[in-house]
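Listed next as structure tokens is one chain, alone, in the form predicted on its own.
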């Protein structure tokens, strides 16, 4: 039977401390300049994107290099519907989510039959195809010129004109995304995904429909990516193909592995560090890139499970001490 003290400790480390840290960062950003607000806003958007990527890669154990395709669908979907057809931003975001989910299901059905490097290559090709379409379809996307005049988030006549107000909403959406991810992970659906990550053959032997569950996880990750793309479009007010190119894939993988793949708060931690670290090191001038690379490599060497993994180890140590304390008379 689980000790109440151990349960309380787990709740503190897995919920209270991370949420308090996120709200502290939000408070610092709201009391700072607009540039800091923009940086934290980008970190929150990437936090949403990486949470979805973590659901597919961390919980399901699959590789996907093409989630930027669904971010592009969400971003361009919201931009076109709001700027050209004057839709409500929230409605445009929801419609883009549904569209991305349907396309992910259609594309993922044949693609997810591949495994390992073949799956990674197929998903990477998906991202490249979407990127090229966003460049060449000038009549719809305006190509390299991009789409401007995208309204900020809002409902009806109420728009979040201030960046600080938008940041509050972005933080709420990010925390909501983490909560939904945790709920799915701890459900029967999530347990089936973890079984697939452990061994597809064993999961299949247990009666788990591996193909169906992998497809469902892929669709969930695509929906997260679509939301992130839509949020970016409304937060910046402008999008172009470069936003959703290969650099987005590289950044998201760096964030995910730096924070801790397969952990709850790893994507958020990684997004914050990768977004803020270059600005912290900007004073080093020509040595900035060198020091930035050294810091990232050092973290990956000394914390191979990511920074969130260090917190998990500390939590287990505290839990072990609590157990020993509970056993002592």
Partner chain sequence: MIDLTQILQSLVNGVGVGLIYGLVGIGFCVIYNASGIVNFAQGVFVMLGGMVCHTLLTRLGMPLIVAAILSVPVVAGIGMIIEICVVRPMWNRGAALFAIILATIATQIMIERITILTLGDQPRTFEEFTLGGPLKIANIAISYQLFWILGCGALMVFLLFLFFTKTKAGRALRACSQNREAAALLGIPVHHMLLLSFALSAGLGAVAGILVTPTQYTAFNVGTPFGVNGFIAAIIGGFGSAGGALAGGVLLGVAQAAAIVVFGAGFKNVAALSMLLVVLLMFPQGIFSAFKGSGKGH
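Not measured: the values here are computed from a predicted model. Residue numbers count along the first chain shown, from 1.
Quick note: we don't show the form predicted in complex with its partner chain, though the next part is all about it.
Student: Even though its partner chain is not shown here, does residue 247 get within 4.5 Å of it in the predicted bound form, heavy atoms only?
Tutor: Close contact exists here: in the predicted bound form, residue 247 approaches its partner chain to within 4.5 Å, heavy atoms only.
Student: Heavy atom to heavy atom, is residue 111 within 4.5 Å of its partner chain in the predicted bound form?
Tutor: Output for residue 111 is yes: heavy atoms within 4.5 Å of its partner chain.
Student: At the 4.5 Å heavy atom threshold, is residue 118 in contact with its partner chain in the predicted bound form?
Tutor: Result yes; residue 118 sits at the interface with its partner chain in the predicted bound form.
Student: Using 4.5 Å between non-hydrogen atoms, is residue 300 touching its partner chain in the predicted bound form?
Tutor: Although its partner chain is absent here, residue 300 would touch it in the predicted bound form, with heavy atoms inside 4.5 Å.
Student: Using a 4.5 Å cut on heavy atoms, which of 124, 213, 87, 235 is close to its partner chain in the predicted bound form?
Tutor: By the 4.5 Å heavy-atom cutoff, the listed residue in contact is 124.
Student: Among the candidate residues 182, 155, 129, 176, which is the single one with a non-hydrogen atom no more than 4.5 Å from its partner chain in the predicted bound form?
Tutor: If I apply the 4.5 Å criterion carefully, the residue I get is 129.
Student: Just to confirm the contact call: exactly one of 292-300, 263-271, 27-35, 42-50 touches its partner chain in the predicted bound form at a 4.5 Å heavy atom cutoff, so which is it?
Tutor: Single hit among the candidates: 292-300.
Student: Quick one: 63, 136 and 257 and its partner chain in the predicted bound form, is every residue within 4.5 Å by at least one heavy atom?
Tutor: Yes, the whole trio is in contact, each within 4.5 Å by some heavy atom.
Student: Would one find the Cα atoms of residue 301 and residue 249 closer or farther in the predicted bound form than in this form, where their distance changes by 3 Å or more?
Tutor: Between the C-alphas of residue 249 and residue 301, the gap narrows in the predicted bound form (3 Å or more compared with this form).
Student: What direction does the residue 293-residue 67 Cα distance move in the predicted bound form compared with the shown chain, closer or farther, given a change of 3 Å or more?
Tutor: Compared with this form, residue 293 and residue 67 lie closer in the predicted bound form.
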